[in-house]
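Next up: a single chain in structure tokens, the form predicted alone.
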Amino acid sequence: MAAPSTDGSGSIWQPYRPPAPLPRARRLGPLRLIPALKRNPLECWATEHFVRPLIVGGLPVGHVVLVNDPDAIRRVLLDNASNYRKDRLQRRVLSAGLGEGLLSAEDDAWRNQRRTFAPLFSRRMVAQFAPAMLQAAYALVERWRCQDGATLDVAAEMARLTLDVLERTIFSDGFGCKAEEVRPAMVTYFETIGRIDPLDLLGLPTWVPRVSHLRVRSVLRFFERIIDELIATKRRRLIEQPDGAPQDLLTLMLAAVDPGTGEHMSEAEVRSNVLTFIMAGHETTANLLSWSLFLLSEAHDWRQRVRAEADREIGSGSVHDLAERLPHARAAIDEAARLYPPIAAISRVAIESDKLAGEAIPRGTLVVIAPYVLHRHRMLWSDPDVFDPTRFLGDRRSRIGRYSYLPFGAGPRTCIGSAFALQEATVVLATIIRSFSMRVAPGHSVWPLLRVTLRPAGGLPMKIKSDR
């Protein structure tokens, strides 16, 4: 445990150092690296990754560099972004089954979709969904009160809640009778595509079958059926009740027009992006909430701060700007996203040669930016392994470099739904902390596991106690 610290206001608090793999003294060789990556990529990082601005090498094939220098990251993601294309491995991992949605589309296809979706995720539009997010949080609170004193898998509960938010904000016609099948299907999806296959590391082409991915085919067919039904139902509603259909995101998506071309999205693009929002929007926010609740369960002083703020703000003033009036809850969310970022790695391939942090980058180099490493880098953060939400309060927040903190990426391809996710997480976290205290179940060891997103391995069993 770290020594007591002050938050700048004179109050003393006891820092908490949450669970994370200790960096290895030396990098793993190829024979040990491949099984370690398959098991849990977080356990492969070595000390040098957390202290140097740029490291060359790391994978069995090809020229690879890990970049931690913020100026170099800015060059890759913004200033010279046209020279860095998503690599084949990341497109396979992040976009399996997503067709040509925002996550996987490139060039004009991506630009057209981004322009079309941008108005749907503006600050003003996202604020309109705050009441639905709060109602979903209230529904969870009522359900938990009926199980007061029970031990619940909070990770599964957060997944259930974020699905509820999806139904209230994006798909207001609901998932129908298949709602209870959606969560286990998602678990299978992420467990399957999230495992790094040795064939990918060896650079074999995608047409070579990956046995480990056979399970995902039936899952994708399941989601395709659900999505086709959602879209068909919505189109019928729009025809039958053109002025009475709920203005959820699916309605807005079907009506959206690319301001550059004046065209609607194709049916295939709509289907791919609906699946993207189900997968990415649900999973990342659920994990972010799980980690935040776990961290606050261990940092009692910060739990009290968030609770006091929630007591003061929830139920007073407009719901639409509630998240903005919860700076301590938001700071806890931001610090959880620093320690356990929703996406733990971003990778690009250099189309032409370049130079980053003084290092020559040959054409074809795989450039890796790992938010998990970046957010714990000794060059950029003080006490980087300590849970300290004061980093994100007042003047300290303004001193965080834009390219030192990347929970949702940066540049043109930054996550379009980040404002939606952060508003949802802030409102939900404050509502839960206001009503319950919780502790990790005796005998359970919390550990971060990377499977596309960063989740608690084996779930998050916690004993829930109502405080009201």
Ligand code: HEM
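All residue numbers are counted from 1 along the displayed sequence. Computed from a predicted structure; not experimentally measured.
There is another form of the same protein, the form predicted in complex with the named molecule; it is not shown, and what comes next is about it.
Though the partner is left out of this view, residue 346 does reach within 4.5 Å of the named molecule in the predicted bound form, counting heavy atoms only.
Taking the partner from elsewhere, residue 414 is found to have a heavy atom lying within 4.5 Å of the named molecule in the predicted bound form. Contact between residue 251 and the named molecule in the predicted bound form is not found at the 4.5 Å heavy atom cutoff. Contact annotation for residue 421: at least one heavy atom lies within 4.5 Å of the named molecule in the predicted bound form. The contact with the named molecule in the predicted bound form, taken as any heavy atom within 4.5 Å, belongs to 121 out of 175, 121, 222, 138. Scanning 387, 381, 129, 110 against the named molecule in the predicted bound form with a 4.5 Å heavy atom cut-off leaves one residue, 110. Only one segment in the set 271 to 279, 67 to 75, 312 to 320, 298 to 306 has any non-hydrogen atom within 4.5 angstroms of the named molecule in the predicted bound form, and it is 271 to 279. Residues 280, 281, 284, 285, 288 of 279 to 309 are found to place at least one heavy atom within 4.5 Å of the named molecule in the predicted bound form.
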